[in-house]
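Take a look at this single chain, the form predicted on its own, given in structure tokens.
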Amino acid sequence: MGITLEKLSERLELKFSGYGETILTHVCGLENINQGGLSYITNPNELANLPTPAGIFDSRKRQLSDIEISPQAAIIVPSDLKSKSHNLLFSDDPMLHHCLAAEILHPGTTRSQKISVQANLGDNVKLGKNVTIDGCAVVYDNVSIGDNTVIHAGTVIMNGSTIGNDCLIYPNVTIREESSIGNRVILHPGVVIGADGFGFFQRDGKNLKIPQVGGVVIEDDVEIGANTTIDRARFTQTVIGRGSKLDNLIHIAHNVELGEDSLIAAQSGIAGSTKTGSHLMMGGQSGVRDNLVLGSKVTLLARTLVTSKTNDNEIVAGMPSRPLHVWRKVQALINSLDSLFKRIKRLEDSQKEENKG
């Protein structure tokens, strides 16, 4: 299945040039575009990184006509980029429209809008319109699931949890009791929402459990990657703010309040009771200590460990974290330690010789 260039332009509300009956079947990068492919260019300077028809890279070649692609393919380009030899869609934001086109050309998971006879539904389960629940999913008592939501095989949703509209829950997700999932949320395989927070205390040399009786709130438009875990709060709620996107293998501990539109890369973690502002960005394998307050628009470079509060708009790096300009100076000093050690050793040897004299 595919869609013609003309029909796609209508759905994306874009103008086009070229052969409108060209059938487009998939999205791709410009470097591997082939028949039926749809790629994009955000900046004409990108053309310098592509080979000419002769297969030669030449930074002087910056015209789209210098790039050879299939006549049965198309490119989304800035409005001021023209070519009579290519099928083009004109956009003020080519990357955005390429992503929108991907949703059209690759619709992904099918929504059967059926409840499998092999699904196990408890008492007083409330289902919205057009809900899909695959076989071997288990829905406990008093669960509410909104319109157009898809629950895939092996998912477990425990007592009293609520899931909003247009959510996509992939296989083998666990949503524990009294969890609240907003609208348009995507949970990838193996996600665990609402596991007990890591709360223990010692008496007479033994570790005793602190009951975790709170819950988890996942706000609208959140996406959570495979095998990521969000712990329930001790008393209140662990909150993942609207529009946040979490990668695979992330741990968010109990009582954390993650601000809106945050981005967290894989193998990162936020310890208990930390509160962050909006637009937090965490590089891979980075972490935040417990009971901290982070400002908005804070960025952590990969493998950073934040051990103290931050202000708005800070960029930090290192372990423990430092402002980026300070961290760079420290790294420069570390890289020069070997030569510095040799210089000191020569000075010490010289001083010993003078003392002998």
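From 1 onward, residues are counted along the sequence shown. Fair warning: this is a prediction, and the values are worked out from it, not measured in the lab. For the two forms, the rigid core is made up of the largest set of C-alpha atoms that agree within 1.5 Å on superposition.
The same protein also has a form predicted together with another copy of the chain, omitted here; what follows describes it.
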item	value
Touches another copy of the chain in the predicted complex: residue 239 (any heavy atom, 4.5 Å)	no
4.5 Å heavy atom contact, residue 293 to another copy of the chain in the predicted complex	no
4.5 angstroms heavy atom contact with another copy of the chain in the predicted complex for residue 206	yes
Distance check, residue 172 to another copy of the chain in the predicted complex, heavy atom within 4.5 Å	yes
Candidate from 243, 277, 215, 164 lying within 4.5 Å of another copy of the chain in the predicted complex - any heavy atom	243
Position in contact with another copy of the chain when the complex is considered in the predicted complex, options 85, 124, 267, 72, heavy atoms within 4.5 Å	267
Residues of 318-345 having any heavy atom within 4.5 Å of another copy of the chain in the predicted complex, listed in sequence order	319, 320, 322, 327, 329, 330, 331, 333, 334, 335, 336, 337, 338, 340, 341, 343, 344, 345
Flag for residue 349, CA shift 2 Å or larger between the shown form and the other one after aligning core	yes
